[in-house]
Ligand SMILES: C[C@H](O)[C@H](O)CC(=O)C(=O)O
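What follows is a single chain, given as structure tokens, in the form predicted alone.
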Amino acid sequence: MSQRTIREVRAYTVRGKGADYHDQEGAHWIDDHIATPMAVYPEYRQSRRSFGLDVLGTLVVEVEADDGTVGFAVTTAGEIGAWIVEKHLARFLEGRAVTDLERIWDQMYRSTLFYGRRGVVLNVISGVDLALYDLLGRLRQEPVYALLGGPVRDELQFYATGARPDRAKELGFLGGKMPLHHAPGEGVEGFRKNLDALADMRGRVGEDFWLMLDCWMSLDVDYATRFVHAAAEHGLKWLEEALIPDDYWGYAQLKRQAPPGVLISTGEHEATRWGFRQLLETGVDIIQPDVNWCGGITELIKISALADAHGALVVPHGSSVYSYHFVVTRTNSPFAEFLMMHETAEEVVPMFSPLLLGEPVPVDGRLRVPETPGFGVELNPEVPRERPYTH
């Protein structure tokens, strides 16, 4: 491949089902009375959409090389993200070599420090980085995992996140992760309901199937400690994201106080190697960076190396092909998450459908990552998208 340069960067927004998987219509398990930091306010307990979890929408980043080849990626950043790409970050890409991944990432990060560091800005940087990997893979006619050193296993094995771990077991997944439904503000009754739900599901799936709980930043240290001890009696595999992301001290305390045999995991809403360094120093057992949010693959490589040095597992937050290509290349990522985006979590459907075409899904809880160039997916031309800004 001759040296290719970047001709143009474009940013689009999409509403409805896409990378922003909370942007749903109608009833869906992912929005059914799930514990959140906002659950301290009773009026926001029933629905996460009620406090605006779906407001961003999907960002699509396209990067076109000088020969007309286009790479793309999707993430959660919406119109805010499109503005950042078009009005700020494009200057660090256009005219540069496609292979300048490290320099481009570093300049995007350093140039946005005064208003970025976390959150939507890192979502945007992640999207651009992933689009560059997709473009490089297409130009070299190689899957992204080949650019990362190649696979260390023949296939991926998955656990399923959703409301029906019993159904996940029937579908061949190695475990099931349920959302925690009741936050501390719902008192003793909510605590009991959370425990009863776990006990009921344990009765349905038997003793050997993994069961996990996703707390989505909703608990405090005292509640999480009491609950993890009670949940251990029902074979809880891990307690996930119990505290707000910035409470590193709380995570250290929770890890110290947790019963033997129950893992403490978190990191879905953490970003960059610096954030994960702080998190890993708390002693948590599993970190769960989202490659669409933490800084892209360029940064996830560094985060994973840090975790390996700390003896922690890296199990990325469910992000479809964007995490599959990474997980298959790392020995400290022994399994992957599959987010059950079926309305009742009873069927396996592509996570980013209908936005992506060719998105692979596990069969019997397993998946061989396709050898298609780039990330191996295409944008569905029938899904409307808008380019709200240009540069």
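Remember, predicted model here, so these are calculated numbers, not experimental data. All residue numbers are counted from 1 along the displayed sequence.
Below: the form predicted together with this ligand, not depicted.
Does at least one non-hydrogen atom of residue 123 fall within 4.5 angstroms of this ligand in the model of the complex? It does not: once this ligand is placed as it appears in the model of the complex, residue 123 has no heavy atom within 4.5 Å of it.
Please run the contact check for residue 299 against this ligand in the model of the complex: heavy atoms, 4.5 angstroms, yes or no? No, residue 299 stays farther than 4.5 Å from this ligand in the model of the complex.
Can you work out whether residue 15 and this ligand are in contact in the model of the complex, taking contact to mean some heavy atom pair no more than 4.5 Å apart? No, no contact at 4.5 Å.
Would residue 336 show up as a contact with this ligand in the model of the complex if we use heavy atoms at 4.5 Å? The answer is no: residue 336 has no heavy atom within 4.5 Å of this ligand.
Would you mind picking out the stretch of 361-369, 65-73, 30-38, 325-333 that comes within 4.5 angstroms of this ligand in the model of the complex, counting non-hydrogen atoms? Among the listed stretches, the partner-contacting one is 30-38.
Interface residue in the model of the complex among 210, 92, 145, 216, criterion: non-hydrogen atom within 4.5 angstroms of this ligand: So the residue touching this ligand in the model of the complex, by this definition, is 216.
Consider the chain as shown here, without its partner, and state which of 138, 317, 182, 164 has a heavy atom within 4.5 Å of this ligand in the model of the complex. It is 317.
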